[in-house]
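Just the one chain here, laid out as structure tokens, in the form predicted alone.
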């Protein structure tokens, strides 16, 4: 695939990006596009692998390797190299409903498993995916394609995040009539309000949902199923219901002083910020301007909070990461999994450019929150921790006594993860919960204990990646189709 021996001739080159000093001035996307000739050169690096691990999507112990969507990566790289961009788009869209999302926010599990990356650098699969779909939109190849025949079956999808959109898109194309219920005022779920605009511009989300509407998908906004709308009515009125309502219960910190004012959850903070950027609200008490900000959580959401706080003009920024700092160099022994080396994401790069240091405190957590006389958070006390595993395989965390450190803080953002689907959704449908708070289904299945009610995405899997949500949505749609039609050709 691509150019024979191209991986020996060309070096990896990724999409350029606006400098941290410049991009923090706004919330616009800061990754720029490679020109088509450079994309062709990068596609030429794709090897003619006997086994393309990049598209495998297989499990190694508790970790996964390769693309969960099984994108036909060597094929579309070859089409780029040959100059067949329309055919490249056709191959990409065969397995991925929304490459414009994954091409922006996916951590590129495919590149971790690239054979070229064992002894060299992996192929720029993530950037190639972005280039293909944007070329397709620019040339008018992506147009509404409503189904010619309707099945007469009606499906309700609760939630319009990536899993809900994937379910709706697949079932609509199959000919079923799909209505998506979204409790927010805009469709997209976390794509709209959970991921900041510098990573995923909201016009990109709107472009896709507009296309889906033109193809026949109905979006009902400000529709909170289980509160404003009866779950029982949905079960009675629709032939199938799919719960794609996410894993929205935020993990809290249970420490002295937790009742202080000025403590917010990450999703609430990011939502308010996006609404402000879109001009939907003028002022918000969560704005970080002029404040000492501490973010609890070292993952992607925590990093997004760092980048957002910097753009809002924070006075200082600290990010607490419970994990230890990784090694500087990678090891080939980690292939085909992601190596656990020290990395800086865009938010940390921006903090270094602005404040001169990585904002993260590794192996750290909150020990105490201190308030001022009016009950506002004034400072926090951190403590170093050590993670270990006991003889029964259970993870334990030990605090290192004497490692306490006091940090000024008047805005504390909790980005410590999520603990499952919101209770009222599961309870309203009578769906059984798993021990981790997710909606329970059979292994590798999407049907819940309630006949005709299915679950997919973070609500079933737990908090995960956008690419996994799309994969779940596609697999769930196939199971729903089988339930409705007693056979499926999806």
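On a predicted model such as this, the values are computed, not experimentally measured, just so you know. Numbering follows the first chain given and starts at 1.
Only in words, not in the display: the form predicted in complex with a small molecule, which the text now covers.
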Worksheet item: Quick check: do 161, 199 and 244 each get a heavy atom within 4.5 Å of the small molecule in the predicted bound form?
Response: yes
Response to the item:
Contact with the small molecule in the predicted bound form, heavy atom within 4.5 Å, among 115, 225, 409, 366 goes to 225
Fill in: Of 100, 78, 304, 350, the one that lies within 4.5 Å of the small molecule in the predicted bound form (heavy atoms)
304
Worksheet item: For the chain seen here without its partner, which of 179-187, 78-86, 204-212, 375-383 has a heavy atom within 4.5 Å of the small molecule in the predicted bound form?
Response: 179-187
Worksheet item: Is residue 170 close to the small molecule in the predicted bound form, meaning a heavy atom pair under 4.5 Å apart or at it?
Response: no
Discussion item. Is it the case that residue 248, even though its partner is missing from this view, gets within 4.5 Å of the small molecule in the predicted bound form, heavy atoms only?
Written reply: yes
Worksheet item: Should residue 471 be counted as a contact of the small molecule in the predicted bound form, where contact means heavy atoms within 4.5 Å?
Response: no
Fill in: Proximity of residue 105 to the small molecule in the predicted bound form, heavy atoms at 4.5 Å
yes
